[in-house]
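The chain below stands alone and is given in structure tokens; this is the form predicted on its own.
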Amino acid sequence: MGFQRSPSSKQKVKPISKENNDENGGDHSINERTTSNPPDSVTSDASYNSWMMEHPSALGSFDKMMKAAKEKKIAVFLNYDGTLSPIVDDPDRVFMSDEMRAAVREVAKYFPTAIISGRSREKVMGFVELCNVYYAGSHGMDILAPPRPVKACEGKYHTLVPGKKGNEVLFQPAKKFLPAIQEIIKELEEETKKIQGARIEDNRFCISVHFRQVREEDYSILQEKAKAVLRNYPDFDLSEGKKVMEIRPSIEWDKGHALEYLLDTLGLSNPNDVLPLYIGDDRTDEDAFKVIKGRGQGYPIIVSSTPKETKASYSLNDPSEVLTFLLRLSRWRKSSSSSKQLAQIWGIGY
């Protein structure tokens, strides 16, 4: 796992498409989706059922998954937007429900649990408001984790900080890019201020250009302005998620690397007895899904109400199904005679 610059010195602007970036905002059943289908306007029953055969419901497959998890250590990783909270028009109002917060708190009693988000770490901590989980913001470029022996190549990216749980470590492999990030934000704000609905969000080590409220006819203008600003910053990449353009430093670090780093930090790097479980809905979560698939052990779960290309093995329809899954997971562990012992081993509290 590394975090060196990509070899090319040219700006890499990844292909941007508006397809499959919107989020269905309707209510969905939290029951197992063995027979449910999306609206005809989204996709045909046949294509959806075919996709579900390849990515079966994690609720419908729960017993099978947990049977394979016996005698294994499970670590839980969760995206925030679109996973623990619904997608909304205002990115500052992506609040998780009290029920979801309670479910995550309960899961974290029994399993090492981390939130890995594109948001800044401080924002996610403010949304989640839990002290028994670990946080990785800026797509994993800002991680707060327990201290561990530092590898030689990582030393300059670590900062020891006092915390409620004792000393903790900030791992920030993109620190040198902070001045440039602030320059880009100022330029983007100036260039896009006349585009109605455009929103520039400072996520500390990355920048989000939100266009959920931008008129369709203004989208291409916003896209071109973002590209024009980045032509002067070849050390940054531009990609797109759900109604948002993401600008990140061109380093070899993503949510997949963050997952590996946290597993290593928590003493859970052995793929033979550890099952990482990652639930996410965005394109950036695919990097974590890829890592889990490469380990040959674990459960990558996509949150989506429509068929989409993904490396995930299982699916959940929306955050309400994520809530149901987390509740079942904590109940499953609670019913185990070794649950209290496991919680004490990992020091995650009761």
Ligand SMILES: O=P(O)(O)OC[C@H]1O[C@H](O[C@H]2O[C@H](CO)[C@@H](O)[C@H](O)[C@H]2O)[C@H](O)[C@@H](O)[C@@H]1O
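When you see a residue number, it is the position in the sequence shown, counting from 1. As the structure is a prediction and not an experimental result, all values here were calculated from the model.
Beyond what is shown, the protein has a form predicted together with the named molecule; the following relates to that form.
J.: Just one of 190-198, 103-111, 229-237, 75-83 has heavy atoms within 4.5 Å of the named molecule in the predicted complex; which?
T.: So the stretch in question is 75-83.
J.: Does the named molecule get within 4.5 angstroms of any non-hydrogen atom of K176 in the predicted complex?
T.: Residue-level check for K176: no, no contact with the named molecule.
J.: Under a 4.5 Å heavy atom criterion, is L170 part of the interface with the named molecule in the predicted complex?
T.: No, L170 is distant from the partner.
J.: In the predicted complex, is there a heavy atom of the named molecule that lies within 4.5 Å of any heavy atom of R204, even though the partner is absent here?
T.: No, R204 sits far enough from the named molecule in the predicted complex that none of its heavy atoms falls within 4.5 Å.
J.: In the predicted complex, is there a heavy atom of the named molecule that lies within 4.5 Å of any heavy atom of C131, even though the partner is absent here?
T.: No - in the predicted complex, heavy atoms of C131 and the named molecule never come within 4.5 Å of each other.
J.: Looking at I184, V94, M125, L144 here, can you tell me which has any non-hydrogen atom within 4.5 angstroms of the named molecule in the predicted complex?
T.: Among I184, V94, M125, L144, a heavy atom within 4.5 Å of the named molecule in the predicted complex occurs only for V94.
J.: Quick one: name the residues from 248-273 with any non-hydrogen atom within 4.5 angstroms of the named molecule in the predicted complex.
T.: Sequence-ordered list has one entry, K255.
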